[in-house]
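The data below hold one chain only, encoded as structure tokens and taken in the form predicted on its own.
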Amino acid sequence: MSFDYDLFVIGGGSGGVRAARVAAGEAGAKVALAEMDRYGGTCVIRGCVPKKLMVFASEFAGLPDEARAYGWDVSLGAFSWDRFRGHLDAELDRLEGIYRRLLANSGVTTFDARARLRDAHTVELSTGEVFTAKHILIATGGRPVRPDIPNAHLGIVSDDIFHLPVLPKSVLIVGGGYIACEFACILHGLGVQVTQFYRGAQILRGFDDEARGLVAEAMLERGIALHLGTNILEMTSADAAPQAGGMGADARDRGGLLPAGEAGKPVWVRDTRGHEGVYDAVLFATGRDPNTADMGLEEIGVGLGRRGEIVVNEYSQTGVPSVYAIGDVTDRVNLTPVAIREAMAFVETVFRANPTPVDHDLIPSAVFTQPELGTIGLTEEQAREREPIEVYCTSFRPMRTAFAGRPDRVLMKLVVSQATRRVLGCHIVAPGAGEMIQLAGIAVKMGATKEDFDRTVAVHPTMSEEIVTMRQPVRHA
């Protein structure tokens, strides 16, 4: 059977673009790609990249106080959201242009259109065009979701943050995952009064308990009003709020009025503790769902999971042999570098006759809170469920901020197998933890033992030297 293309990719994010350009440019396949929005996907346009630039911007707030402790006469003017947004938009335009050029230079035909599957080898575009392909790769990513509560449309989601016309003076962030915590720290650093609700007992569920506890303490110390075991009970626009006596002046007068959520007005909230408040914006960071709606997947036999994720095997292949899926749309490990690795494994498997399963074991990651959290491997809680372990851990005030009189603390932690001596997990809470965990991740991925760490000479004076100088376990489990 003759096809229009060897490969048709649906989705122009990091994973889809990598698969398309490598299949076309290096494997010699005839490839097309359809993207309904901006090229670069969540990571480049509305995720990792703009978020990290906002992290950088927010970190300048504390520099003058620290500089004065070191003898510098420094002051900081007001933060200009307009100026920052202008630079941000220009940078995202530049990066999107790079993605488009990479595809064009690799010989990939692109369509700025929405795509859905008509059958196992046929793609129909929103333009009305129809194409056939020997292989179809779905890389449509995910999207933030609002909770199922009345008036949730009054809130915003993470995608909206980068397009706010005015920076709010006050914000309520709902959620306790890494997106919620990162934006709490970012917005606080930019001068926004931040309140955060999380219904659970501690933020950053799934991360090491000791590490996430230190991040929570640091957020509270910096002035973020973090309320655990708390959720929204009721919300409405501020001008429609009940005239309840419980709304204190501090809640009523929290900030200037600006477009917030779909209503374009500040939002009144009553929480599960019975407290009330008015916020210029409510940010829901309560989860993400895979982008699989109305794509014709189930109609052709592609299996979907409970949250709409595409079910695939270890080679990213669906139940329909010609259809594959990678990235967040499969809800395996939702990280950009993982999607790129899955894309490369897909090309090896399909176009180079080299079946390559995706390796999802021991993936380093970072949470860009302030301080950052870097992690790889098992948490202490996970490890002790599997086997007897030793825990090596230290928490201290780092030299730089201790000299400036700040109370900041950092954490270095290794989880070690008693039987094999392998380092099962490494967890770092510190400025620059993301950079540190990338390098520590190499050793952990290679199967380094605690004695391998011990044999490594420390770089002094640094925070990270503690990773190789901890001699005695703090506990056995």
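Predicted model, so just to flag it, every value in this text is computed and none were measured. All residue numbers are counted from 1 along the displayed sequence.
Beyond the structure shown, there is the form predicted in complex with a small molecule, which is absent from this document and is the topic of what follows.
Although the partner is absent here, residue 368 lies within 4.5 Å of the small molecule in the predicted complex, judged by heavy atoms.
Interface residue remark: residue 111 is not counted as part of the site for the small molecule in the predicted complex, having no heavy atom within 4.5 Å. The closest non-hydrogen atom of residue 198 lies within 4.5 Å of the small molecule in the predicted complex. Though the partner is left out of this view, residue 179 does reach within 4.5 Å of the small molecule in the predicted complex, counting heavy atoms only. Across the options 124 to 132, 91 to 99, 359 to 367, 296 to 304, residues that bring heavy atoms within 4.5 Å of the small molecule in the predicted complex belong to 359 to 367.
When the small molecule is considered in the predicted complex, only one residue from 450, 409, 51, 38 comes within 4.5 Å through any heavy atom, namely 51. The contact with the small molecule in the predicted complex, taken as any heavy atom within 4.5 Å, belongs to 147 out of 319, 308, 147, 229. Not one of 80, 169 and 188 is positioned with any heavy atom within 4.5 Å of the small molecule in the predicted complex.
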